[in-house]
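Next comes just one chain, in structure tokens: the form predicted on its own.
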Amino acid sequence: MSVLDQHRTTTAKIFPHPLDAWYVAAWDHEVTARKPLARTVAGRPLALFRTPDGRAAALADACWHRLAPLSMGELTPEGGIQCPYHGLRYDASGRCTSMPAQQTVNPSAAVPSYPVVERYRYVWVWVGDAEKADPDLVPDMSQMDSPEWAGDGLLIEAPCNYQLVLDNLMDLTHEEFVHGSSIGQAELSESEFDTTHDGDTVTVSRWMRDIDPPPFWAKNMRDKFPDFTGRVDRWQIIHYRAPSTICIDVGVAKAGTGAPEGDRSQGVNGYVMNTITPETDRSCHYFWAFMRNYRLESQLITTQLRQGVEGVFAEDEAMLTAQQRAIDAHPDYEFYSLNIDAGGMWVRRILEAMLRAEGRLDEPADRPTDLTRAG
């Protein structure tokens, strides 16, 4: 094992990102047939657009001729894209179809194109080995477009390594301290939790029985049960799927009505849908939504929930930004791990295995990384 391999472990502070994976490049409504969308996915600048028949396409955002960003160009009537600098035209497969002032097109003129799948209201892109781009590997986020669930979400441009967001979502005890005015409460740290892992998945489950509901959940209970008062049983079941999708089954039910045993009829159930796309070593696109399975007809509740969760996640963003700044200011400082980090550490082990399979575990980051020490 090389020295770099020894330091590229599950506990690196600046974690590389796998390439052989599906990442969300955009919400489906962001990609149009009117104007290209520029977005960097796993270090690859992309130009995203739709063809006239509505199909999404992703090309490298650099013209073959002089590397001008294609995302600054115009879409062509035949379903391609025109370079903004000298007018070269490309089809949706990346092949150049027209060059200015000449009838013969250089046969080598092309830009990389990337496999695209549209699913769960997102446009997913595979930037690694295209032969491995199996659509069945897209993580399950079926609540996003199921008629049994309603909700909405947003995109956060987070100025931190994507792994810091995964750490944040795999350990929700931070809610007690970061989100005390909305979803946090002392029982989060006091309750037991269970961590399991299988293949490329990790699950962390926590139940809090017979507790006072925090403000966010008290409001949601009154949305379904207007006369609700009293105590609740609360659950958080975190489902991770490699490389960076985390769907969290959350909710509360009237205490003692059977929710821990499977009867959630006297409660409210939500799913916090999160999928994080690395942009650079120190930035990521954080796509999220909050879905619910009650009062599906109410746009008011959908809007209120989106706004409420947006406020909660703004607190997370502020903390993650500060954490990344501190990491960069202290490159030699070593992390420590607590019991609450169990889920996040299994995530890191899965990512480490993916990186090793790609032969990229010892790929250098911008700065030296350090090992986490248990303590």
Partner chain sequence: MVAEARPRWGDAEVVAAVDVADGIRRITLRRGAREPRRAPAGSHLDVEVDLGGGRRDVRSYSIVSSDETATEVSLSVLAVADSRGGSRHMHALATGDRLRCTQPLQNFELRPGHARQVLLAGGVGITALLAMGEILARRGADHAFVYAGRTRGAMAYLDDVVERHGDAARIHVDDEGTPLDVPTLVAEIAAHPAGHDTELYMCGPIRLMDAVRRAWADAGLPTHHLRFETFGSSGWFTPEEFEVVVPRLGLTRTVRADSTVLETLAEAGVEMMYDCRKGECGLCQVDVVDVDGHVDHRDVFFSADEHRTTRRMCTCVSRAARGDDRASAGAAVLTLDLP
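Numbering follows the first chain given and starts at 1. In this text, all values refer to a predicted model and were calculated from it rather than measured experimentally.
Omitted from view is the form predicted in complex with its partner chain, to which the following refers.
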Report the residue, out of R222, H86, K132, R209, that has at least one non-hydrogen atom within 4.5 angstroms of its partner chain in the predicted complex. K132
In this chain shown alone, the residue from Q304, T257, S146, N106 with a heavy atom within 4.5 Å of its partner chain in the predicted complex is N106
Which among 236 to 244, 290 to 298, 90 to 98, 267 to 275 is in contact with its partner chain in the predicted complex, heavy atoms within 4.5 angstroms? 90 to 98
Tell me, yes or no, whether P215 is in contact with its partner chain in the predicted complex, where a contact means a heavy atom of each within 4.5 Å. no
Is there a heavy atom of K35 lying 4.5 Å or less from a heavy atom of its partner chain in the predicted complex? no
With the partner left out of view, is Y120 within 4.5 angstroms of its partner chain in the predicted complex by any non-hydrogen atom? no
Given that its partner chain is not shown alongside this chain, does V111 nevertheless sit within 4.5 Å of it in the predicted complex, heavy atom to heavy atom? yes
Is it the case that D20, R55 and G128 all touch its partner chain in the predicted complex, with a non-hydrogen atom of each within 4.5 angstroms? yes
